[in-house]
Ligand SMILES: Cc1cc2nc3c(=O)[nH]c(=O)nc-3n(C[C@H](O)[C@H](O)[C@H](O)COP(=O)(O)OP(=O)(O)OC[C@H]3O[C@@H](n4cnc5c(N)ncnc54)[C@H](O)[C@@H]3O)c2cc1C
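Only one chain is included here, represented as structure tokens and corresponding to the form predicted alone.
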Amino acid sequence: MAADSRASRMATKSRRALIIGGSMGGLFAALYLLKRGWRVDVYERIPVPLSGRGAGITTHDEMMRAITDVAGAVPPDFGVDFEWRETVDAAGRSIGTMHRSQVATSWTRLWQILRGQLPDAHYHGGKDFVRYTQSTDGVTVAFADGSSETGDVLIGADGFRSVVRGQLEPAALPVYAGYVAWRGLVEEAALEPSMREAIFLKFMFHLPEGEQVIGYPVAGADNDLRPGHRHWNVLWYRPTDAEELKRLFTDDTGRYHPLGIPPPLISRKYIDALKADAEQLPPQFREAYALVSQPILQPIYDLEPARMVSGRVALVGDAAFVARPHLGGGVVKAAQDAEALARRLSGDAAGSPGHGIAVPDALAAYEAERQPRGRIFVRHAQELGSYIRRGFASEDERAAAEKFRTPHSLMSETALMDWLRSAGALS
């Protein structure tokens, strides 16, 4: 029996996972599998270290546990601590407060922590995935440079426009939600002193008709956490129909960018219009948007595939389900997908060392565990954003959306995991 156990563990150690995508989901998958004795290789399309994917990330207990799982501990310089949430009216007067301790970090800081745990030999930049083929014995991936690799399992962690998902489930496409987020960073030192004191260490909200504005503190450049050197991260969710979005995605040379326009190419006329509209916001956000030098335009999407798995191929993170950002749970979802996948592939779903489980069987169990939870993420995020629109088809539709437009609902559910825990969406 002992010999069989040793043999099965050796078989697990010889197993190889090919991971497409070197962002959060890919790194969590690699690190969880590496801990369980798998050989792992991460292939990332971009040849240089990833950075700047979004200005800020709010953290949760589940994220901290996942980081501890794969990195041993959460670094003390992880992010900015804040204690209070506040909603203001159009004049900037407080109409609701809530005490809730939280930490905000940056996408880049989290990526650096995870990437630092993965030996360089396991991470390959500049590898543009093209297609996969699979058999009963393994799966082979082909890259644009003509090279190929073969392993026991392929993990698609290549984001919401996943090429792996495009082959696994071609009908599953991101669906535009009808609104965008205008994101930006404000230097803490640039805020007028009394305003900085009033807002900086708070998660702030404002609720214009059919819109939502939020702001919260994050680290400054190069993860600078010193007072006076940090940033305030602002997001303004605004209804934008498909024709408007096409115009916003067209630069001043007339070139259309269907997959998203790089911030420096956003037409100055649209930035000027945004800043002019911001003059109608409460003073807290009016000053912030006046100080944003380069806004980022983020269209909001939903994605809910019918499948996460096919044979030896599985999807994790945003390559599988894409939930609107109101939950602030994308990293948690990716981390828990990765943990469940590694656990199922290693055969220890019930805490027993059942190594040697067939990969397709393990992936089927992974899908059965994670797909219902992904659906809950997507549906609840849709509810939280349901009032961000210009009109409603019926009064019943309006009434359903208005439930999520009160200061209490906004402050108690935005970027928090409480409802998802109660709904069984979290591990």
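Residue numbers run from 1 along the displayed sequence. The structure presented is a predicted model; accordingly, all values stated were derived computationally and were not measured.
The form predicted in complex with the named molecule exists for this protein as well; it is not shown, and the discussion that follows is about that form.
Considering the named molecule in the predicted complex, the lone stretch of 266 to 274, 283 to 291, 132 to 140, 311 to 319 in range is 311 to 319 [heavy atom distance within 4.5 Å].
Under a 4.5 angstroms non-hydrogen atom cutoff, the named molecule in the predicted complex lacks F82 among its neighbouring residues. In the predicted complex, at least one heavy atom of Q298 sits within 4.5 Å of the named molecule.
With a 4.5 Å cutoff on heavy atoms, L207 does not count as touching the named molecule in the predicted complex; it lies far away. In the predicted complex, the named molecule stays beyond 4.5 Å of every heavy atom belonging to W236.
Scanning L384, L33, I57, A362 against the named molecule in the predicted complex with a 4.5 Å heavy atom cut-off leaves one residue, I57. Taking V40, V70, I388, M63 one by one, only a single residue has any non-hydrogen atom within 4.5 Å of the named molecule in the predicted complex, and it is M63. Taking the named molecule as positioned in the predicted complex, the residues of 104 to 128 that bring a heavy atom within 4.5 Å of it are, in sequence order, W107, K127, D128.
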